[in-house]
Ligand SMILES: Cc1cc2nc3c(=O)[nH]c(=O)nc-3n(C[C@H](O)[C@H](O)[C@H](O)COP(=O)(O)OP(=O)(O)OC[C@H]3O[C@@H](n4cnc5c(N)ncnc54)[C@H](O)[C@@H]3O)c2cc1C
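Given next, in structure tokens, is a single chain: the form predicted alone.
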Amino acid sequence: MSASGLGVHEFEVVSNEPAADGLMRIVLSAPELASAIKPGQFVNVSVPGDASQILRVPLSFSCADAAAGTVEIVYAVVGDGTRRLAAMAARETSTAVGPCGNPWPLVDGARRACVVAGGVGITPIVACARMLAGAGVAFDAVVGAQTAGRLWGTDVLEGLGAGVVSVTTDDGTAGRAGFTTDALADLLAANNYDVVYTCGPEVMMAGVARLCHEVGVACMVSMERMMCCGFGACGTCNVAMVDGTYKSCCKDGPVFDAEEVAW
């Protein structure tokens, strides 16, 4: 293992249960990983069950408990890898490479923040909220999902001390019907934020970045790409920058300053 903690960590499944429609919550016992990983970083999980699948599955985490030696991951079941992961039972074992990537930054002097999550982007946003709460930074939250049944994390954010938790759903079955950017626009108009943190569909994050740029508020985004290796070797997860260069999502990100990204 490197000095930074990046390495291959063995883990044992503590629990693996539904969190919402299409979402699962898995808790891994991996003490060294739990002590090393920081909010915004991710792990690359080896999922057993199909020897022909050699690629690991990159997953963000929502909580790392160093004292308990556990890492909580809320993930969407969207493909073969995550379907096999959803089938893992308590006490089954495998390995994860991590901590991968760079964490959410605490902006110097920030006193108030807003976190914006769309879909399974809620996972690293919950980790971000834990960071803010631990640093004494007040925060509000916007959480968007397709429908009420797919919502997760609002109670966690409230428990962490969010001043406002604004919920949006595509179909209006919870909160307000519409987009997270609509709710964020209202919050930006009513409050003075020092920074906004966001993760979700790229079109949503582009909208969040645009709103923040218009009012001069710093914005940090957690990008998503096909990250085959997880440590910058394969070159499959490039993110275009405004200066014409490309950066690796897994190694230089996944967290970027929104002003640097070529949307």
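Quick note: we count residues from 1 along the sequence shown, nothing fancier. All values derive from a computational prediction rather than experimental measurement.
One more form of this protein should be noted, the form predicted in complex with the ligand, which is absent from this view; the next part is about it.
Visitor: Classify residue 120 as contacting or not contacting the ligand in the predicted bound form by the rule of any non-hydrogen atom within 4.5 angstroms, answering yes or no.
Guide: Residue 120: yes, in contact with the ligand in the predicted bound form.
Visitor: Within a 4.5 Å heavy atom cut-off, is residue 154 in contact with the ligand in the predicted bound form?
Guide: Outside the cut-off, so no.
Visitor: If you check in the predicted bound form, is residue 217 within 4.5 Å of the ligand, heavy atoms only?
Guide: Contact with the ligand, no.
Visitor: I'd like to know if residue 107 sits close to the ligand in the predicted bound form, meaning any non-hydrogen atom pair within 4.5 angstroms.
Guide: Because no heavy atom of residue 107 falls inside 4.5 Å of the ligand in the predicted bound form, the answer is no.
Visitor: Of the options 206, 57, 36, 27, which one has a non-hydrogen atom that comes within 4.5 Å of the ligand in the predicted bound form?
Guide: Only one option qualifies, and that one is 57.
Visitor: Given that the ligand is left out here, which of 102, 82, 146, 94 has a heavy atom within 4.5 Å of it in the predicted bound form?
Guide: Going through each option in turn, the one that passes is 82.
Visitor: Choose one stretch from 67-75, 173-181, 108-116, 186-194: the one whose residues place a heavy atom within 4.5 angstroms of the ligand in the predicted bound form.
Guide: Of the options, only 67-75 has residues within 4.5 Å of the partner.
Visitor: Going by heavy atoms, what in 222-243 lies within 4.5 angstroms of the ligand in the predicted bound form?
Guide: Residues within 4.5 Å: 223, 224, 225, 226, 227.
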